[in-house]
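One chain comes next, on its own, written as structure tokens: the form predicted alone.
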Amino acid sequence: MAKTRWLSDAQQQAWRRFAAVSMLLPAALESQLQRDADLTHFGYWVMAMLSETQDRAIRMSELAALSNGSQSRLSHLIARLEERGWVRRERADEDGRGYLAVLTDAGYDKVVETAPGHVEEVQSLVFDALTVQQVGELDEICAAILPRLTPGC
């Protein structure tokens, strides 16, 4: 049996703070987006990803990877966004297999309308608390951890 690698006191403190941030930050962002835009954080994230792609369209499988969501979760979200007229699905032209998610003009307008409030919340909750150096360190830390969470990334 492998020996347990217990956390040091410093690791335990860092872990507890990181875990608290990783639980509380998404809830705070979700609350702001629900209140101000009637959108979930995942819904906004997906629409923002679409707004940055060429022709505001991308294969559903690629969008699932970009948005860090499962294909099933994405499919359910896209159905809800379609009902609101913000996204539509189209058959992929290249091979006729699979579907593209396409951000409609109304969806693009929703992203543009929602972005300032969301960015302000991110600035307020995260970046206003950090120095320029800490922003760089946060980026490095996330870059080191992310590949362990998303193999093949």
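As the structure is a prediction and not an experimental result, all values here were calculated from the model. Residue positions are given as counts along the sequence shown, with the first one as 1.
Below, we turn to the form predicted together with another copy of the chain, even though it does not appear here.
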Task: Which of 99-107, 80-88, 27-35, 53-61 sits within 4.5 Å of another copy of the chain in the model of the complex, heavy atom basis - done: 27-35
Task: in the model of the complex, residue 92 touching another copy of the chain (heavy atom, 4.5 Å) - done: no
TODO: Scan 2-23 and write down, in order along the chain, each residue with a heavy atom lying within 4.5 Å of another copy of the chain in the model of the complex.
DONE: 4, 5, 6, 7, 10, 11, 13, 14, 15, 16, 17, 18, 19, 20, 21, 23
